[in-house]
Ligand SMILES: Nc1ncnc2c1ncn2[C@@H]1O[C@H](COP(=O)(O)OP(=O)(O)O)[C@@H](O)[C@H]1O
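Starting off, we have a lone chain in the form predicted alone, written out as structure tokens.
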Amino acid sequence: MPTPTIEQQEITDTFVGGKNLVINAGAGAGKTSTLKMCAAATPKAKGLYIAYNKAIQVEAAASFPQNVTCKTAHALAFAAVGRRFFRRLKAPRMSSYLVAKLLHINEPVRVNDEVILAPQQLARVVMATVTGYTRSATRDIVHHNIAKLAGLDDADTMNALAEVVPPIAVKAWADLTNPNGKLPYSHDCYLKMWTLTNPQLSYDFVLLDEAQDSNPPIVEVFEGQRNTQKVMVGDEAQSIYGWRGAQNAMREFNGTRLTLSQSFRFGEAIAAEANQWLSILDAPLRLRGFELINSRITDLDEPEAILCRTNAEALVQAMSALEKGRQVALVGGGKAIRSLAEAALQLQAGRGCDHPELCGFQTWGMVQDYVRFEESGSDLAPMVNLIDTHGAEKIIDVADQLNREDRAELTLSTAHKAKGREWKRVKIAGDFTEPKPNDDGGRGKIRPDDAMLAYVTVTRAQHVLDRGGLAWVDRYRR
């Protein structure tokens, strides 16, 4: 066990004293090492470490002291509830047409004189609503918000859906809580079922990692533990998944608040870059660089990794690298990109599709109008423009050429998927756009979620950072 820093020692002493803790740990600041120190200092106490994902859980299980069990929340839920639904997890995919049949949605829904929703469109909204419910803290599905899908999110449509979706969602949830049900099933279903039982875990302390991006049902189980010491750890400035329902549980949790500010990932130059974004966020944390790493901010011709704001920019970078004969990998793989391009082909043929982001449209022209005229379509615009420029077949071809990371010369990633990762030489792509000036010519305001994403992005580099598309922060700071 390494010698603790002053901050780590304070956290360990506070933990040994039995207090609940909220540890705000900056990028690369040794949060896992600190938790191990806490566990090692109380060898007779039985602990549970709840990992953010399977990869983190496997790594933690190999290194935590023996008095700590390392599990994901889904593993805990599967042992208690999910085993009965194992068969359903192996079921084949199902079209929205068949989902509508199973839910007895036999008639279209009239929104107004011009718009009518087909049964399969209604089925998609129902299942998206159920998915949102499984990832929420809502106890009764009747009171959960109706899902907004692209192309089906205008006021008239939402009002019409509010009348018909709740009773069908109740019917869908009844199917999903039945081991012999027929609807498409996901791991989040049994996790939600488990949380609704208000489980009590037989541990003396529970450690919740990545608490700034917690799944609300997991937070509910964590906070519901009685007679158990609770520790939340994460980086509040890295709360970047609110758009998909995650919550920053650290903000409201009642515990002693302590900080880890000494990064061991990078040196002072990159720490200073990170601190610019922390300052913009008015975050209380400021990072210190590791004196044994001589980090640099400079231009890079051959980075190990290029980090992008969007999948569309990652594809542009992939095309460029492949044309130069380089072996390229995309974090998370090309399956999602291929799926969207395949959906585009279906829409171009006028057949509709089951893709979750495009299922509200019947033709590709409707998608093009949506991203051109609707503000809510801005997130889809880069990929739509890329497909229009190069063709869906070309996008599929590029996605199929992406290698595994261990075989690649260059790794590409969106900033979201780069979270938790690190590379020695990182370049930032040019799609992190500077805020537009105000009407009076003053500087535009950086949204907190954009500043958090920028902070995550610049802190993936260890030795060399090419700021690329985020270098404009200097103008903003001046």
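Keep in mind that what you see is a predicted model, and the values were worked out from it rather than measured. Numbering starts at 1 and follows the sequence shown.
What follows is about the form predicted in complex with the named molecule, which we do not show.
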{"property": "Which of 60 to 68, 27 to 35, 407 to 415, 445 to 453 lines the interface with the named molecule in the predicted bound form (heavy atom within 4.5 Å)", "result": "27 to 35"}
{"property": "Non-hydrogen atom contact residue 97 with the named molecule in the predicted bound form at 4.5 angstroms", "result": "no"}
{"property": "Contact test in the predicted bound form: residue 86 vs the named molecule, heavy atoms, 4.5 Å", "result": "no"}
{"property": "Sequence-ordered residues of 5 to 21 touching the named molecule in the predicted bound form, heavy atom within 4.5 Å", "result": "5, 8"}
